[in-house]
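Okay, so here's just one chain, in structure tokens, the form predicted on its own.
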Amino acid sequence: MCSQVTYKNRTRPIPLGLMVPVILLVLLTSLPLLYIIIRAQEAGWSHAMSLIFRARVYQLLLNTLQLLAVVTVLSTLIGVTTAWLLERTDVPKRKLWNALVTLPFAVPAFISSYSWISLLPQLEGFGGAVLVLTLCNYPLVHLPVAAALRGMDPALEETSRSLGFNRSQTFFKVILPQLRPALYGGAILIALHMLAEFGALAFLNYETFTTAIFDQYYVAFDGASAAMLTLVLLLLCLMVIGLELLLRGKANYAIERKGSPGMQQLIKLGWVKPLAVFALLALVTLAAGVPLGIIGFWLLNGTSSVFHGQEVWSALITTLSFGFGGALLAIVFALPLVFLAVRYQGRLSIMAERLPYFIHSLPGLVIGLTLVFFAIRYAFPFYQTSPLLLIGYAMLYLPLAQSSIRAALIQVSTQLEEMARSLGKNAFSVFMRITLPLIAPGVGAGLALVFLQIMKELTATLLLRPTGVDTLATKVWEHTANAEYGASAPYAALLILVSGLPVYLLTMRSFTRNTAHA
């Protein structure tokens, strides 16, 4: 497939109607950085330095880094293996396995951890954290690597084998280098998730920066220490992003070809096939079967299983409302950012587009603390209101909407928009009547992705939700924190159900679309 994108109007001045919302968004997404600077200034820089350079921070740093490294490596190995098995071999029922191995993506990590803890209470500390978080996060590598394998031109592998390289040599010399962008992209997401993870580690009693920040804020009421720990966490985020950019370098693995990719010849596993099926079954059982089975057990046998239908229904409606509202707001925020980045390339557009990605790497806890800080001081009527919570969701998950919309917008020819403008239509009318209908699939995918993440969000919700308002995630958290596993089960089951639907639709849509030619 060969495509060329031209930007004939890149030298045109940016319309004021586009510039104003983008500047407001840049200011909004800069608030977490401003929050840390203000808190450090209030504490005094010498006191701030003493809060940073102390033994406890070194221990938190060690805990966080070793968890980040081990979980990222293990998840990457598992994700690459499952993607290769399902895309390159003749393992039976590949479509079914593709849905099953991505199922853990719909199970929030804190629900998976409480399921494992209720099954094996001794499963605490580093070992338990590695097990649970690896099983929760490997789909973040599986999904992009599988997509990259589907789009790879089989002619390259055929050429390698014709030159005398066997399958192993072809994998390491031809396939793996082309997987680097997808592999690094998935790995960095896992690493950033390790920095941001809170609920699962709180259940597993493993302390990292995020859990320590929460304790400082909620237990010790020490905002200055929380802010300084946040500063160290922010520096770690920068290091992870910088390492990924360094590894990725300037390599470009785009494949130029005419037409669609040819038929991919699947590798026959032979006597190894039963072992591969057993390995996939064991993985799915541990990653999804255990949480779902434990929730089912507590649902039927928990002594605290006193179901309050009205409360469950209320939490479900609240969760869906917040999910849809936050996703819609993220789309509204993302549209001007993406339009500026694609149609008016320049320094401003690059900065405006990249800043939300950096904010996305911060834990929800930091976003929550930031909005609480500014709301109490400068906009108290918004404190603990639904609009403030929706803004927090949009800040957290804006890049998910950006990436989906950008992929759709770069495929829309600028000639259509210029033709409409030549007929006397203004820019807003052209966007609403020409551009928006053409990028609707990307907008829909972004809406589903953000909706899915908001369903599972916990820490920002705990800080920003209106008083007396509960979501499914907060109800699970409250009941499981009091060891009321039976009472938490209906909320956990509903949360997985509403999260699983968008995961299934997105996974099946991608799998079907990209394998239709194979």
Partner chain sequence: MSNARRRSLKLSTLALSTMLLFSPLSANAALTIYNGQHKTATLALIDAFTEHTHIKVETRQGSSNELAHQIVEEGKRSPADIIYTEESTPLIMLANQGLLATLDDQALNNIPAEYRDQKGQWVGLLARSRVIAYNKDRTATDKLPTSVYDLTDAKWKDQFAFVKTSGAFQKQLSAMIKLDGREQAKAWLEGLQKNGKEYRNNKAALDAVERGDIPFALINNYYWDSMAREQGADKLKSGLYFMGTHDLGDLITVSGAAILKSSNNLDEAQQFMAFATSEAGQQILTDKSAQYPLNSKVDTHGLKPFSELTPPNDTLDLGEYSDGKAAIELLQEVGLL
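Positions refer to the first chain, counted from 1. Worth saying up front: this structure is predicted, and the values here are computed from it rather than measured.
Heads up, the form predicted together with its partner chain isn't pictured, but that's what we're talking about next.
Using a 4.5 angstroms threshold between heavy atoms, residue 384 counts as touching its partner chain in the predicted complex. When contacts are judged by a 4.5 Å heavy atom cut-off, residue 313 does not count as touching its partner chain in the predicted complex. The shortest heavy atom separation between residue 282 and its partner chain in the predicted complex exceeds 4.5 Å. None of the heavy atoms of residue 84 is located within 4.5 Å of its partner chain in the predicted complex. Contact with its partner chain in the predicted complex, defined as a heavy atom within 4.5 Å, holds for exactly one of 324, 358, 165, 297, namely 324.
Proximity to its partner chain in the predicted complex, defined as a heavy atom within 4.5 Å, singles out one entry of 198, 339, 116, 97, which is 198.
Not one of 66, 193 and 354 places a heavy atom within 4.5 Å of its partner chain in the predicted complex. Picking from 327 to 335, 182 to 190, 104 to 112, 403 to 411 the stretch near its partner chain in the predicted complex, with a 4.5 Å limit on heavy atoms, gives 327 to 335. Of all the residues from 460 to 483, those having a non-hydrogen atom no more than 4.5 Å from its partner chain in the predicted complex are 462, 463, 464, 465, 466, 467, 468, 469, 470, 475, 478, 481, 482, 483.
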